[in-house]
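Here we start with a single chain on its own, the form predicted on its own, put down as C-alpha cells.
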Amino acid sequence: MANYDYLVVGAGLFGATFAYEAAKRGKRVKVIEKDNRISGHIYTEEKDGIQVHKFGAHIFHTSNKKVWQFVQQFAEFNRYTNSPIANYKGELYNLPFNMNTFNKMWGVVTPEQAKAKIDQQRQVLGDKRPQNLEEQAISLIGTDVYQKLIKGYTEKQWGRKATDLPAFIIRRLPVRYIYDNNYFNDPYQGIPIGGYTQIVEQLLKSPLIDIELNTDFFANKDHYLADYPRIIFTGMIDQYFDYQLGELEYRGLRFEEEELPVGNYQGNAVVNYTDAETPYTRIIEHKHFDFGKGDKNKTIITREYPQTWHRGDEPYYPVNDKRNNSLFKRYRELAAQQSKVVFGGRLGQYKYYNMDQVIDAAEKLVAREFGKTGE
C-alpha cells in the first residue's frame, strides 16, 4: 500500500473529483466503493435509448463559471431548463411560483394584483415572526399557494407536519412576479448528453487511479488506516465514528421505475404531486431531460416515495434541524482530531449539496492539500 498516496472512500462526484485532481499532480490513488458501480446518486443508465436518472432527477446548474468550465471537459451538455409542474388533485400549476402560477391560482394578470393577493393572505399571521415552516411559507406566498402547493408535498418529503419543521428550510423559496418557469436563476444549466456516469468515468480513468468496487471500508477499517498515508472519506461521518455520539438522521427515498408503451406519458420531465393523498412526491419522465430522445414508442417513468430512514438504508437528505446540526458539530470536532483522514461530500459533511457545490468543495480540498497552484 506504500505505493499509494491517497485512499478515496466512495466513487461519487466528490471522491472522483479529488482523485482526478490528485492524479493530475502525479499522486497515486486507490478508490474503493461499496456498491457495484461508480457515480453515487448521479448514476445514469441507458434504457430504450433513454438516459435514466436512477436516483432521482439531477439537473446541473451553477453560477460558478469555473465549475461549469470544469464539467464541460468531460461531457457535452444540452440546454435543458428545469421547469417542473405541480399537480394538486388534477390542477396543474407552474413552478417555481411565478405569474403563471398566480394567474392559474387567482386569475390575476399583473404583478401588482398578485402582490396584493399575497399581502392580503399574509395578514393571518399578524405581526408574528414565523416560527416554523408553515408560518414561513405563508409569510412568503400566502395561504392558498401554501395549502395547495407546499403543505402536502413538504410533509410527505420530510415525514413531519409543517408546523414541526424549522422555518429556514423554506426561507429561500423562489417567488417571482414575472412570467418565467425557469426554476433556477443560475446562468449555466443543462444535462450531459449521454448521462452523468460518463463524467465520473472520465474523472477516474487516469492510470494513476485504481478502483475497487464492492469493497466496504468498514470491513477492513483498521487495515486501511494503518496502510494508507492519507484517506479522503466520503461516507457517513457518524458511521465512521461507530455512532459513538449518536445517530444522525436522514430521509430515505424509494424509487419505483416503470417502462410504458407510450411515447409521452406526462409531457414534462418532472411533475410534483403536492396533495397529501398521493403517496409519492413526484413522477420523473426521463426522456424529457433529453428533449424526447430515445424509443418513440416507449417511455420510462420513476415515482419517488419519501420514507423513514433506518440505519443500513441508503441515506439521501440530511435532516438539518437543530438536534442533528448540533450532533454533527460534535462529530466534526472528532473529525478535526484525525491526523490522516479528511471528511468530504454530502455524507462526510452532513450537508445537502447541489452537484456544482460538491465539485467546488472537492476543489477547495484540493487547494488545501496541494496549494492553489497545485505545487
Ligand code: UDP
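The structure presented is a predicted model; accordingly, all values stated were derived computationally and were not measured. Residue positions are given as counts along the sequence shown, with the first one as 1.
In what follows, reference is made to the form predicted in complex with this ligand, a form of this protein that is not presented.
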Handout entry: Touches this ligand in the predicted complex: Asn268 (any heavy atom, 4.5 Å)
Key = no
Practice task
Indicate whether this ligand has at least one heavy atom within 4.5 Å of a heavy atom of Tyr183 in the predicted complex.
Solution key: yes
Handout entry: 4.5 Å heavy atom contact, Trp158 and this ligand in the predicted complex
Key = yes
Handout entry: in the predicted complex, Val200 touching this ligand (heavy atom, 4.5 Å)
Key = no
Exercise for the section: Select from the listed residues Ile301, Leu95, Leu204, Met99 the one whose heavy atoms reach within 4.5 Å of this ligand in the predicted complex. Expected result: Leu95
Handout entry: The single option of Arg79, Arg129, His223, Arg172 touching this ligand in the predicted complex, heavy atom within 4.5 Å
Key = Arg172
Exercise for the section: From the candidate stretches 257-265, 292-300, 150-158, 70-78, select the single one in contact with this ligand in the predicted complex, where contact means a heavy atom within 4.5 Å. Expected result: 150-158
Practice task
Could you run down 268-298 and flag each residue that has a heavy atom within 4.5 Å of this ligand in the predicted complex?
Solution key: Asn272, Thr274, Arg282
